[in-house]
Each structure stands twice: as structure tokens, then as C-alpha cells.
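Shown next as C-alpha cells: one chain only, the form predicted on its own.
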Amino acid sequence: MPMRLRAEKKMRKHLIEQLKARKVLGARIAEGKKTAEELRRLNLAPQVYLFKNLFSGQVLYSQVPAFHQDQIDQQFVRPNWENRKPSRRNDLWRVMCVATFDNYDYAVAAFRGLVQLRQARDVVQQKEAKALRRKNDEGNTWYAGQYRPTYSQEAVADLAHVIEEFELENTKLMWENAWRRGDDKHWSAELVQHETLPPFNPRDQNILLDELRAKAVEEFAKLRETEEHQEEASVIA
């Protein structure tokens, strides 16, 4: 019995170390914007990850299954008392949606479009954006505690807009909850397929996202291999 307990403790320690290593490596990879070529070289999938902040309702975009302080600094450029720069704490961020695109150029275009829409709303059209938000009796953006649902709603609307504006066909969106995406009338059925993320323990979020990345990379490689074989066959014919 004592030997079994020692073995279990050793295995548990090993798993904890692996989880910590994944978080550190993921954060390092997340630093800086990625080109299509860099995503391929890093063995990343053509994806964009939307993380929601459980405390504030803010949403962070990432090209990798992790996030970095560098991304927070770049995406929250004009903080104020209603839209403070969020904390980097891992326990405050939960994945809201994983968007998988048909190719790496689509993924890069979608990420840049989302970030640019955020910056336009927070800097260039700040007054116009605030005028469209739900207000409380004092005329401020509606909130409960420190949570403002308008930020996640705007992120979902921006995602739908980017996909439709750039005509990003064969996009697959996996939501942590189906109701997050809103009414189907806001999405182009010809461009988007909706799915739901499998249930997971928040502590295992990094593992889940890494598995989704690996699966998407494998599927993308198989699809491209099939297309290459078809092109070769058509040339021979």
C-alpha cells in the first residue's frame, strides 16, 4: 500500500509539472502576432481562440491555444473605469469559442480583423460604440458587479461580421455554450458550421485546447494531401 501511494504521488507530481510546462510554453508561443508561415512552422492550426474574462466579461483574441500579457497590452489600448485593462491571471480566463478556418490566410485575416474592430470601437469610434450599448439608470454601460456582458456580445458580433465580410467559407465554430452565438439569423449558413465544445474541467482547459489544435492540424494536413492527389490525378488525366 505505501509503495502504491508513493507511485500515485509521483505520477500526480509528473502530471502537475506537465500542466505547468504547457502553460509556460503556450504563453511564450502566444507572444506577438503570427503570420500564416509562422503558424505552420510552429505546428499550430488555422484557428482563432476567444477567451472571456469571468470577472469583467471582456474578450481576448489569440492565434494560439494560450495567451500572453503582450496580447492584453495590444488589444486593450485605451483602458478606462468601464473597460479596465484585464489581469493576466489564468483562472480568470475561460475559452468562449474556438474558430477553425479553411486555411492559414483566413485565420490570420480573421484575427487581424477582430483586433482592428476592437481598436476602432475603443479608440476611433468610442462615443458611437458607447451610444449603442445598454445603459443603466445613470447612463453608464450596464453591469452587474464588475461584469459587463456587452463585451462578449460585441466580440460575437465582430466574429460574425468578419466571417461574412471576408467570405471565410468552411469556418467551424466550437462554442463553450451554444447560446453564446445568439440567433442563427446573424450567421451565414453557407460559411459557418456551429458545434459545441465537449464538457471539461477548467483546470484541464489547456489540455483540451491543445488537443483541438492537434486535431485541426491533422485534419488540415489530410485535406491538403487529398487536394494535392486530386490535382495530380487531373494533370495526368
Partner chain sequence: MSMRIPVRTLSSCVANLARAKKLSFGDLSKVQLREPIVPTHKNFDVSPDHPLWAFFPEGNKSESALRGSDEVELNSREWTFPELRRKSFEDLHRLWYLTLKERNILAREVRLAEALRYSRTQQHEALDEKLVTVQKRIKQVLLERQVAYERVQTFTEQQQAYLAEFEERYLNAGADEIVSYNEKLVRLQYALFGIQPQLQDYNLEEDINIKFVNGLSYVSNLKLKRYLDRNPNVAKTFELPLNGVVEELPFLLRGVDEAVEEVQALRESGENVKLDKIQVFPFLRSALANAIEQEQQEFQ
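No experiment lies behind these values; they were computed from the predicted model shown. Numbering follows the first chain given and starts at 1.
The same protein also has a form predicted in complex with its partner chain, omitted here; what follows describes it.
- Shown alone, this chain has one stretch from 205-213, 164-172, 61-69, 44-52 that lies within 4.5 Å of its partner chain in the predicted bound form by heavy atoms: 164-172.
- In the predicted bound form, none of the heavy atoms of Trp93 sits within 4.5 Å of a heavy atom of its partner chain.
- Its partner chain in the predicted bound form is approached by Arg181, whose closest heavy atom lies within 4.5 angstroms of it.
- The closest heavy atom approach of Arg148 to its partner chain in the predicted bound form falls outside 4.5 Å.
- Using a 4.5 Å cutoff between non-hydrogen atoms, Pro86 does not count as a contact of its partner chain in the predicted bound form.
- Interface residues of 191-228, taken as those with a heavy atom within 4.5 Å of its partner chain in the predicted bound form (partner not displayed), are absent.
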